[in-house]
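Each of the two blocks below gives one form of the same protein chain as structure tokens; they are labelled structure 1 and structure 2.
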Structure 1
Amino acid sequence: MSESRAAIGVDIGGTKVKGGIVSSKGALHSRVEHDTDVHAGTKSIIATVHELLERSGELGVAIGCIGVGAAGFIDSRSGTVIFAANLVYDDPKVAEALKARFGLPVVVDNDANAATWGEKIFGTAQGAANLALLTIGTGIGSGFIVNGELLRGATGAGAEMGHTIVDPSGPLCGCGLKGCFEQLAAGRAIARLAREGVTENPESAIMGFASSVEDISARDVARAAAGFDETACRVLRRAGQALGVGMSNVVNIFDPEVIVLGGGIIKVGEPYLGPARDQLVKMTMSQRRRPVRVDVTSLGAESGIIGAAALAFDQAA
């Protein structure tokens, strides 16, 4: 690894904070992961950077810059959190806090924007000038590259597809509104639909994996679906179809060359992704559009870390 060109990349979401030392070629050389302190997001980031700087010292690697991809509406020009639906940042001025603490150049952007940039520079979307990324986990993050540039909007905090309203009388979202896309197609939607499903059908194999109805997770549903449990398959089909509708909206707004899917929920695989693709094809074909390429991230769970470092290389180094 080129000593002077290594960066620290950090990816903070509602569940995990992950970070790594990344070379200028996008190789991840050291990785850490902790549960997010949902009441102290900035402290979680600082602790992760601190740990990685110590590691870089042990490895003899010089760190040139720090990149952070943070869940929430981020003004990337100042590196400040404007609003976050799923966690609290104890200090919203994240970039300032990191610069003061570590004295290195810092870039702070939205987590999905970082992952999108990572896919363009090092991942499956290399060479694409127009691409969209949806990262599906606790919530849904999105990033759009239009004519080679990340779309940021007037305040630097645009591209929040997860909070577009799909059903105004739908389930309550962490953002305070009802029926956001992320409440219908991501992890929480799967858990909610499964709770409703097992109430109607207590025989469902889902209950063989969950300790109680309240504790059902998307993972439990995925396990039950792997054994062809009808309720589990129906739940994943509904959430997948909602994702497909979202992707068709992306196609109509941005006409991307490729939509990249990432985030923990895509590990559920075909019972979820199949209906999503079918729905997308159905909607785009009926408008006589060509089917759009849909790729799964090639950077995997590390796309946020690598993408945050890529942004730092490009903007802070």
Structure 2
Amino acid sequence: MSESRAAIGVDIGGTKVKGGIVSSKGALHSRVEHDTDVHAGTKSIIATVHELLERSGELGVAIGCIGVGAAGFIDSRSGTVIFAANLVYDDPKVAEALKARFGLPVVVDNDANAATWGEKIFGTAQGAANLALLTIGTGIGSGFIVNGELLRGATGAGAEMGHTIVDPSGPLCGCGLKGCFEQLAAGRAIARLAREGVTENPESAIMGFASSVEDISARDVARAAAGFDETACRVLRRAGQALGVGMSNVVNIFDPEVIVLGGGIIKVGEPYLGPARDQLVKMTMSQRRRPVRVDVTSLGAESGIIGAAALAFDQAA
């Protein structure tokens, strides 16, 4: 490694915990990934940090701080998990537990906030003082930087764009509301629309990739769309248009310089992203707003790791 100053970044979700050793210039020099213990999230983080500290010795670098991006509502001031829907933190005081174990400064924040900060410091939005990040997977995570500061809200539960309402009569969301943004534009929406589509058109190529109608995934739809299947393309167009509506709402609320898109669903590409951009342009032009730059993350699947480390570099004391 060319430089000795480094941080450990950890990105923990309901299924995987990922971690890495990140240089002060944002280079990822070592990476680990394990299944999350859904009943012991803090234990999973500690094990990951321990493994990376051992690797840092082999690399000849000194780890100066630790950053954690955690799925859920986070009190970033204390590094405590307030609520997480998909896993249990055996010790919700994550920062305190890590400091006691490793004796290093620790920053803990929401995973989308961490990824957003990573894009600002090391990614496609470097230098932007006002930016939005939408991570589009099964659902939609989001993070916002306003005038150079992360938007967290009074309790750490702010900036949840995925659960803003686009259609009050729309499908029920796991959060308890109907018609949430993520239920119309993300992975679950694509799968649901595809199930409806193949019921009307059983000859769709989507069924060549899915084992059954019930098991259709967004990936199956994307593969069918790559072969220009009409049903698959229509599904992705509808979901993409809903993404464009959501981005228009982001513009109206936050007026960002740039919207960064991340998450697995963006790999679907133009059959999904093209209609999203077109819808955003249509809506912003109707309001006579300036054009808004929309970029895909330059940090890719490692944005959570690199972003957590970036937060630690910036805020750990």
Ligand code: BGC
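Residues are numbered by position in structure 1's sequence, first residue being 1. Here the rigid core means the biggest group of C-alpha atoms that line up within 1.5 Å when the two forms are laid on top of each other. Remember, it's a predicted structure, so these values are computed and weren't measured experimentally.
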**OP:** Kindly point out the structure, among the two, that is the form predicted alone.
**Re:** 2
Subject >> Residue shift check between the two structures, rigid core fit, K99 Cα at least 2 Å >> reply: yes
Subject >> Rigid core superposed: F228 CA moves 2 Å or more between the two structures >> reply: no
Subject >> Yes/no, T15 Cα shift of 2 Å or more between the two structures with rigid core fixed >> reply: yes
Subject >> After superposing on the core, C-alpha shift for V32 between the two structures in angstrom >> reply: 2.6
**OP:** Can you read me the CA shift for G57 between the two structures, rigid core superposed, in Å?
**Re:** 4.9
